[in-house]
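Next up: a single chain in structure tokens, the form predicted alone.
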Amino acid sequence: MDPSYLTGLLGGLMIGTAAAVLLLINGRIMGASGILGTVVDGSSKGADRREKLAFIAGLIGAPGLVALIFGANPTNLTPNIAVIIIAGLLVGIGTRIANGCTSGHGVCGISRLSLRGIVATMFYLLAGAITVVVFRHLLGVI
């Protein structure tokens, strides 16, 4: 089996475990955009804010640490910085409109059989597929 599939499987298991632990211990959904949003807008205070900052640090730091230890896997990220910035902004806007991201709706929502999570995830997948067809195959940008 291709080792990149194994790293994806391991990453998925880690995300699922983290979501389950957060829900079981804190009773909270692991929605990364919601966690980041409350830190950025200042609505989280005290211990709650420190917990969320630690979560965000782990999201950023853990992949970097793994890449340092085991080496980074090659990616298919475009070298076009304008495309990366525009894509990031569109993802951010989309998560605000959908009231959540793939970790909240996809991982946590589907696992709880949430209709809202299932529908949101279906739209994420559809939007991703349309984006690839338009920007890669029709426009040749990515």
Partner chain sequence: MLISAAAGALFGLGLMVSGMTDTARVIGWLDIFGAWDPTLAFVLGGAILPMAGAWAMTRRLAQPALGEAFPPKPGVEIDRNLAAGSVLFGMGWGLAGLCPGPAMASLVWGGTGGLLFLLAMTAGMVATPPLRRLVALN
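If you superpose the two forms and keep the largest set of C-alpha atoms that fall within 1.5 Å, you have the rigid core. As the structure is a prediction and not an experimental result, all values here were calculated from the model. Positions refer to the first chain, counted from 1.
The same protein also exists as the form predicted together with the partner chain; that form is not shown, yet it is the one meant from here on.
> With a 4.5 Å heavy atom cut-off, would you call Ser33 a contact of the partner chain in the predicted bound form?
Looking in the predicted bound form, residue contacts with the partner chain include Ser33, since a heavy atom lies within 4.5 Å.
> Decide whether Ser114 counts as a contact residue for the partner chain in the predicted bound form under a heavy atom distance cut-off of 4.5 Å.
Yes.
> Indicate whether Ser103 is a 4.5 Å heavy atom neighbour of the partner chain in the predicted bound form.
Within the cut-off, so yes.
> Select from 126-142 the residues with a non-hydrogen atom within 4.5 Å of the partner chain in the predicted bound form and write them out in sequence order.
Ala127, Gly128, Ala129, Thr131, Val132, Val133, Phe135, Arg136, His137, Ile142 sit within 4.5 Å of the partner.
> Just checking, between this form and the one not shown and with the core aligned, does Ser44 shift 2 Å or more at the CA?
Yes; that C-alpha moves by at least 2 Å between this form and the one not shown.
> Does Ala32 move appreciably between this form and the one not shown, meaning a CA displacement of 2 Å or more on the superposed rigid core?
Moves: no, less than 2 Å.
> When the two forms are laid on each other by their rigid core, does Leu68 show a Cα shift of 2 Å or more between this form and the one not shown?
Comparing the forms between this form and the one not shown, which are aligned on their rigid core, Leu68 does shift its C-alpha by 2 Å or more.
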